[in-house]
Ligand code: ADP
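Next up: a single chain in structure tokens, the form predicted alone.
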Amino acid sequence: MSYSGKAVIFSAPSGSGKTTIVRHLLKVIPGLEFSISACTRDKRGRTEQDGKDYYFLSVDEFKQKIDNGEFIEWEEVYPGNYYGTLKSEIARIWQAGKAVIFDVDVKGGVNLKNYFKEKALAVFVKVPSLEVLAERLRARGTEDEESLSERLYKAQFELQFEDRFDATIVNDDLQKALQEAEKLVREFLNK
């Protein structure tokens, strides 16, 4: 069965579990393929690969692609640090007869939904409370108190965009959230 022309978007404040959900869906639903984003940041360690984890571009290359209209959406996340979705990436996945799946921040999710309209299922993932989110981010061990505070402030802002999405999953029980995500995506793909 071809799922070409369909897009599935998972967005959430950092620490809500969207990446875990997307990885699960990629394992259990064969018609999905992950959209690889372009970025200008350096590769992390030796494990990240160009064309697998990201398309790593220089700032000049990225800006040239912006000028050429090669992005569906893009954003300067931090000064000089760009991320975006290449039109060629979506074409590659759709030509293979697959639906594209995105794991993006809330702003990116809203932009993608606006672009794809009814061709997309946009799912907002959230935790039951900001307190739970703070616990999860602390448990990662990757945040100092200042960056934790920034992420929580950003999450509070991002929660205001929940109504721009087609569905919301409250990730308070991971197994339940995975089942709910699977059901939503399968129903959308089989429409």
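Position 1 is the first residue in the sequence shown; the rest follow in order. Rigid core here is just the name for the largest C-alpha set that superposes within 1.5 Å across the two forms. Since we're looking at a predicted model, the values are computed, not measured.
Keep in mind that the form predicted together with the ligand is not shown, yet the notes after this line are about it.
Chemist: With a 4.5 Å heavy atom cut-off, would you call Arg140 a contact of the ligand in the model of the complex?
Modeler: Yes, Arg140 lies within 4.5 Å of the ligand in the model of the complex.
Chemist: Are any of the heavy atoms in Thr19 no more than 4.5 Å from a heavy atom of the ligand in the model of the complex?
Modeler: Thr19: contacts the ligand in the model of the complex.
Chemist: Is there any non-hydrogen atom of Asp172 lying within 4.5 Å of the ligand in the model of the complex?
Modeler: Yes, Asp172 is a contact residue.
Chemist: Just to confirm, Arg164 within 4.5 Å of the ligand in the model of the complex by heavy atoms?
Modeler: No, Arg164 sits far enough from the ligand in the model of the complex that none of its heavy atoms falls within 4.5 Å.
Chemist: Would you say Glu48 moves its Cα by 2 Å or more between this form and the one not shown, aligning on the core?
Modeler: After core superposition, the displacement of the Glu48 C-alpha between this form and the one not shown reaches the 2 Å mark, so yes.
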